[in-house]
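Here we start with a single chain on its own, the form predicted on its own, put down as C-alpha cells.
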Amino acid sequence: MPMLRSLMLDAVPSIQQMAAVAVGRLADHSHSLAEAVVKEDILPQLVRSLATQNRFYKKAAAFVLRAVAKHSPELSGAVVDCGGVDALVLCLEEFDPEVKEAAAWALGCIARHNASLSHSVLEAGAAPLLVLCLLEPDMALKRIAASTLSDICKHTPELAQTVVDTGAIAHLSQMILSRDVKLKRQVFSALSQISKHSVGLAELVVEAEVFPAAFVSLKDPDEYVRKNVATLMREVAKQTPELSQLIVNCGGLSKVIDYLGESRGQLRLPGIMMLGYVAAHGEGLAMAVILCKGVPQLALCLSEEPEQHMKAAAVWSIGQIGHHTPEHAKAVATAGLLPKLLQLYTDASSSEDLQAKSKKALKSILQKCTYVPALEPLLYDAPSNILKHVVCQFSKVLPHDSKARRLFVTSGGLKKVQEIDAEPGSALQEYINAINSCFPEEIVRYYSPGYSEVLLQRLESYQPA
C-alpha cells in the first residue's frame, strides 16, 4: 500500500491514474483492504489532487472513493471527513459523462448507508446535479443518477422532500416507459422510496400521472422491474383510502392479482401486501379485492410459498379482507381459509410472527363470520381461545335460522357443543347456554354426554305393565 501511495504522487499522469485504479481494486475487494487504504492516509491526497487532474484520473479517484465507501457507514464517514463528498459533487459538473457516472455511483454508495451520510451528500449540493444527470443522453449515467436518488430518498421524509424539491419526480416519471430495463428498475425504485414516506409525497408521485402507465411494466420480462412497480403500488396504496381507490379505478387491482399469479417467491411480497393495504382502508375497497378474485390468489400464495414471512404477509392480507362484514368473512371462509389459518396458528413449526398474525386474522374473521358450513369444522379442531369465538358466532346465527339449527343437529354440531368443558360463568358457557336455548330441552338432553347411561338406567328400573 505505501508503494502505491508513492506511485500516486508520480510525475507521470498515467502512472498516477494506474496507481489509483490499483488502490480502488484492492479497496473494492474487501472491508479490511478498504480500511488499510484509509489508514494509509491515501484518501486526503486523492481528494486534494482531484481538482487539478485530468478526466481519467478523476474517474479512477471516484472509483477509489466508491470502493472504500461501499463497505460500511464508518468507511463512508472517512470519505466524508476527508472532503470526498464535495470533490465528488464537483465531478458531477464535469463535461465527461463517465466522470459524472463514477462520481454519482460513489455518492450513491455513501448515501445508501444511513440518513446522516445522505444528508452530507445533499448538503454538498448533489441533488440538483443528480437530477440534471437524468437529462443526459448517456444511459449509464441516467441509471446511476436514478439509483443514487433512490438511495438518498429511502431514509427519511425530509431527505425525500429535498430531492422532490429539485424537480426529480417530473423527470423520473417521464422515464417509466423507457426501453432500457436497468433504467426502469431504478426509476420505479426511486419513485417507491419517495412515495413510502408520507401522503403528500405519494400524492406528488400520483399527480405526475405515473398510473396507469406504470401498470404495463407489471408484465415486463425483467423480474426486478415488475417487483419495483408492485412495490410502488404498495407504497402509494398504503397511504390513504383515496389513493387506494385511485389505483382500483385505474384497473390496478386486477393487474396486481395477475402479477401474483405469474410470479413466485420474494417477487410476490409487495403484491400480497398491496392487496392487504387496499383492503384495510374500508369495506368497499376490501370488496373490490374480493370481486377481482384476490382471495383465491392469496390462498394460492399461502399454499405455494414455503417461506414463513411470505405466509405471514398472505395471512395478514387475508385478515384485512375478511374482518369487515359477514359478507367479507364469507368470501374468505368459502375459499377454505379458516382451517388453514387455524393450522398455521397451532403448528409448532410456525414462526412467532406467523402464529401471531394467524391468530389475529382468524379471530377478526370469526367475529364477523355467520357462514355455518365454514364454522362447523372448527368446533372439532380449535383450541379453547379460538373455540370461544366459533361458539359465539353459532349463538348469534342459530336463534334466527331454522335451517341452520336443523343442520347443526344432524351434522353433530349440537353434540359437540355439549361435550365442551366450559367453566361455569365464563363467556364460553354463556354462548353454549344461548345455543342450547335454541333447541327443545329433550334434544339437548339427548345429545348431552352420559344421556345414554341415564336411559339405560331408566330401562333397567322400568317395570312393564
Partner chain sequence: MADLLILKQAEEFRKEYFHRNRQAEENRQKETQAAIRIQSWFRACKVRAYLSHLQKKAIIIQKTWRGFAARARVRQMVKAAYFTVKMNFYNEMAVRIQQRWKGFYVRKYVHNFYARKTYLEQILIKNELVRKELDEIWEAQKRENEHLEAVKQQKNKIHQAHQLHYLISTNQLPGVFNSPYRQTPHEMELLLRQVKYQVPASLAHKDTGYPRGIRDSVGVSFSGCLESEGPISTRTWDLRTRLPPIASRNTRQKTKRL
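Being a predicted model, the structure only gives us computed values, none of them experimental. Residue numbers count along the first chain shown, from 1.
Not on display, but discussed next: the form predicted together with the partner chain.
Participant: Evaluate R55 for contact with the partner chain in the predicted complex, applying a 4.5 angstroms cut-off between non-hydrogen atoms, and reply yes or no.
Facilitator: Heavy-atom contact with the partner chain at 4.5 Å: present for R55.
Participant: With the cut-off set at 4.5 Å between non-hydrogen atoms, does R268 touch the partner chain in the predicted complex?
Facilitator: Contact with the partner chain, no.
Participant: Check whether V216 has any heavy atom within 4.5 Å of a heavy atom of the partner chain in the predicted complex, and answer yes or no.
Facilitator: Looking in the predicted complex, residue contacts with the partner chain include V216, since a heavy atom lies within 4.5 Å.
Participant: Considering non-hydrogen atoms and a 4.5 Å limit, does the partner chain approach G251 in the predicted complex?
Facilitator: Yes, G251 sits close enough to the partner chain in the predicted complex that at least one of its heavy atoms falls within 4.5 Å.
Participant: I need to confirm a contact call. Of H71, H389, K359, K182, which residue comes within 4.5 Å of the partner chain in the predicted complex, counting heavy atoms only?
Facilitator: By the 4.5 Å heavy-atom cutoff, the listed residue in contact is K182.
Participant: Please identify the residue among D86, E305, E98, E203 with any heavy atom within 4.5 Å of the partner chain in the predicted complex.
Facilitator: The residue from D86, E305, E98, E203 that makes the contact is E98.
Participant: Which one, 375-383, 350-358, 268-276, 217-225, holds residues whose non-hydrogen atoms are within 4.5 Å of the partner chain in the predicted complex?
Facilitator: Going by heavy atoms within 4.5 Å, the stretch is 217-225.
Participant: Can we say I42, T166 and L191 each have a non-hydrogen atom within 4.5 Å of the partner chain in the predicted complex?
Facilitator: Not a single residue of the candidate spot has a heavy atom within 4.5 Å of the partner chain in the predicted complex.
Participant: Going by heavy atoms, what in 289-304 lies within 4.5 angstroms of the partner chain in the predicted complex?
Facilitator: Residues within 4.5 Å: L291, C292.
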